[in-house]
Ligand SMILES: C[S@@+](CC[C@H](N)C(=O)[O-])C[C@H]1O[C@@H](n2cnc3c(N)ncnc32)[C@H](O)[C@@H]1O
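Next up: a single chain in structure tokens, the form predicted on its own.
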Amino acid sequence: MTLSDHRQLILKILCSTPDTRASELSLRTGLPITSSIAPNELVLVYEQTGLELRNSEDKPGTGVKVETKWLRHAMKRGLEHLRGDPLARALNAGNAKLTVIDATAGLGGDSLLFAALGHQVTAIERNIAVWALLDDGLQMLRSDPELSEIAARITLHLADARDYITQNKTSPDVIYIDPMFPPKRRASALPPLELQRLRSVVGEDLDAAGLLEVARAHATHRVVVKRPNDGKPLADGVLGSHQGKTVHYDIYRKG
């Protein structure tokens, strides 16, 4: 899907009373403001904890938003704990500080992991709603004494990663791809609520193989692709994988 396609997947910002933040978000994104939520409609709305994605059934504060509890807990355990994460090991960084493109940034969890390890991260998200959630989350983190240095290592762009990488002639050390996984085949195996909400907004990443091709042409060290444990590789040529509990990280050589 193109960037313009993704702009149309969520249509409104919920704001029942005048709110400067909602007005600014509307100007930045072109999304209209509404004062109510129709049944099963998805909207962006500001709460005390920041911007979140909700529908009519969600209580305030329970929508999809950038979460950092896991990172705060991990930082208390120390960098060595983070370096042991399968995704961190997939980078093969050692003690080096890399430049990393997170080509499918989503809600920024993996970008935050990379930045916590000291890497400089370019996070790219093409869905307007998801980009807005991550942009708001990073703004809040940059004023957070505990995580501000980590957030400062992340630069966020609203773009299609294929276009961004080729047009900017970017040559990072690592390009990371986390495509939206296909839904479970069994009807009873519903994904978590957050994934349901995001899937309804983002859809399927049917062009992920094309993104991998572009990434391999521009990364100077390697490309890392996240896959479900029961999923096939995104393409041939996997050099190796690092295994997690429910996912694994396939490694591809540059070029």
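This is a predicted model, so every value here is computed, not measured. Counting begins at 1, following the sequence as shown.
The discussion below concerns the form predicted in complex with the named molecule, not included here.
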{"item": "Heavy atom contact within 4.5 Å of the named molecule in the model of the complex, the stretch among 91-99, 108-116, 140-148, 78-86", "value": "108-116"}
{"item": "Interface membership of residue 178, the named molecule in the model of the complex, 4.5 Å heavy atom rule", "value": "yes"}
{"item": "is_contact(residue 122, the named molecule) in the model of the complex, heavy atom dist at most 4.5 Å", "value": "no"}
{"item": "Contact flag, residue 159 vs the named molecule in the model of the complex, heavy atom cut 4.5 Å", "value": "yes"}
{"item": "is_contact(residue 205, the named molecule) in the model of the complex, heavy atom dist at most 4.5 Å", "value": "yes"}
{"item": "The named molecule: the contacting residue among 211, 31, 45, 42 in the model of the complex [heavy atom, 4.5 Å]", "value": "211"}
{"item": "Heavy atom of each of 171, 217 and 221 within 4.5 Å of the named molecule in the model of the complex", "value": "no"}
